[in-house]
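Presented as structure tokens, the chain that follows is alone, the form predicted alone.
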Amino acid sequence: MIAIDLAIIWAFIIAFAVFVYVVMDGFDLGLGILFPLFPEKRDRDVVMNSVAPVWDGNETWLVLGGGGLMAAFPLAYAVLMPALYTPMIVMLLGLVFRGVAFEFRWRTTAQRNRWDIAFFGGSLLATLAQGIALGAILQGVHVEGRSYAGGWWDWLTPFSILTGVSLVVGYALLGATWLVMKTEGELRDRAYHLSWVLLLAMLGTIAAVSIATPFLHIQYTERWFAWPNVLMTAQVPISVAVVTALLLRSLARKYDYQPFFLTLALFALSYAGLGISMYPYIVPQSITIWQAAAPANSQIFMLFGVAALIPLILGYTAWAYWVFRGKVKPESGYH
């Protein structure tokens, strides 16, 4: 019984870490995706200054999620990584380019435009790769015995491209609503306009992914539409509709804070839908969380470290956001 409980606990920890990464780094990558839409240097400086004090701590959660997967569910890690080598490498390269461009942009003027391009390109590549990897996992990987048995390009399908584009749109919406919350004047007005367009695009991609997912596996169809499951699963699209209505109202009334947090709620509901589709599998339709779990003694040992680290990370992250709260003005900056 303890092994089963620990597997669920560790699945929750990893899911939590990945979601917090999406929350923390999503609007950061979204700003990079939107960067070409703000051609003026003054506006670009404000955009980057809005995340300059906090952006470099976001990958902590990505490391925790990936490292936790390797330690707590080694079989899943051994199966999924060979299936996703290409998008994972592209994602890491994109994050490197984004990080280097972020720092070097402030230290040069002659080649600033080159670093701006690198910031945009790295953000777009990292986001697209994350979405494609998600789609590749959701559609399932070919497993024989205890190892990956698929090909090098199995991750590249129309569905994975759809999820990649969907995440690009979603992160861009997070970035736009972040600018609504952190900027003022003409820049904020443009962010409001972008938020309207991107919200409609995100709703379209949510609908497209939601329609396509049940056709991937019969188990997904049964999970969402079989009786009495549908009584519970129907709460997700109903909640999406309610949050969307509130988000549209907040944009129409030009609220500062509500659009960003309601967009996060849309991400949380989409994430919940992903969990509903996948549970109890960690490698969909092949390996459950219990089959992939490390020995109970190992999971217990790691829990002691996580119990200390997660509150610490949450604490210093919350403190950083509190210290640098409020609007970002053009004449002020972190650099």
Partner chain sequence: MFEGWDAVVLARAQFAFTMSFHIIFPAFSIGLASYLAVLEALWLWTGREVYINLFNYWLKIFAVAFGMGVVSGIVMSYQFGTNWSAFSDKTGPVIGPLMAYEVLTAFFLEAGFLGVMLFGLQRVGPKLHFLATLMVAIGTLISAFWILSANSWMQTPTGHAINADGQFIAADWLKVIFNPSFPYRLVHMVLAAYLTTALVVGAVGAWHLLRDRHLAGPRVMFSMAMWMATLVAPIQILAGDQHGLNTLEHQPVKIMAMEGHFQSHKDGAPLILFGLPNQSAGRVDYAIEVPKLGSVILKHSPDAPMAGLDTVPRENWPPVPITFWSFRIMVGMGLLMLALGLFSLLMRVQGKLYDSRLLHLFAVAMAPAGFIAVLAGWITTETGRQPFTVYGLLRTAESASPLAAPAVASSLIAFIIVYFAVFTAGVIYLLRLMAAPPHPGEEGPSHEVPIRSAGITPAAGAVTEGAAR
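Quantities reported herein were computed from a predicted structural model and do not represent experimental measurements. Numbering follows the first chain given and starts at 1.
One more form of this protein, predicted in complex with the partner chain, exists but is not displayed; see below.
Engineer: So, W115 and the partner chain: in the predicted bound form, are they within 4.5 Å at any heavy atom pair?
Structural biologist: Result yes; W115 sits at the interface with the partner chain in the predicted bound form.
Engineer: Taking any heavy atom pair closer than or equal to 4.5 Å as contact, tell me whether T60 reaches the partner chain in the predicted bound form.
Structural biologist: Flag for T60 set to yes.
Engineer: In the predicted bound form, does L64 come within 4.5 Å of the partner chain, counting heavy atoms only?
Structural biologist: L64 belongs to the contact set for the partner chain.
Engineer: Taking the shortest heavy atom distance, is S147 within 4.5 Å of the partner chain in the predicted bound form?
Structural biologist: Result yes; S147 sits at the interface with the partner chain in the predicted bound form.
Engineer: Could you check which residue among G99, G121, G140, G164 gets a heavy atom within 4.5 Å of the partner chain in the predicted bound form?
Structural biologist: The residue in contact is G99.
Engineer: Of P214, G204, G185, P74, which residue is found within 4.5 angstroms of the partner chain in the predicted bound form when only non-hydrogen atoms are counted?
Structural biologist: For this set of options, the contacting one is P74.
Engineer: Based on heavy atom distances of at most 4.5 Å to the partner chain in the predicted bound form, which listed stretch, 241-249, 164-172, 224-232, 84-92, is the contact stretch?
Structural biologist: Correct option: 84-92.
Engineer: Kindly indicate whether F12, S210 and S270 are, all three, within 4.5 angstroms of the partner chain in the predicted bound form, using heavy atoms.
Structural biologist: Judged in the predicted bound form, none of F12, S210 and S270 sits within 4.5 Å of the partner chain.
Engineer: Going through 179-196 from first to last, which residues have a non-hydrogen atom within 4.5 Å of the partner chain in the predicted bound form?
Structural biologist: None of them.
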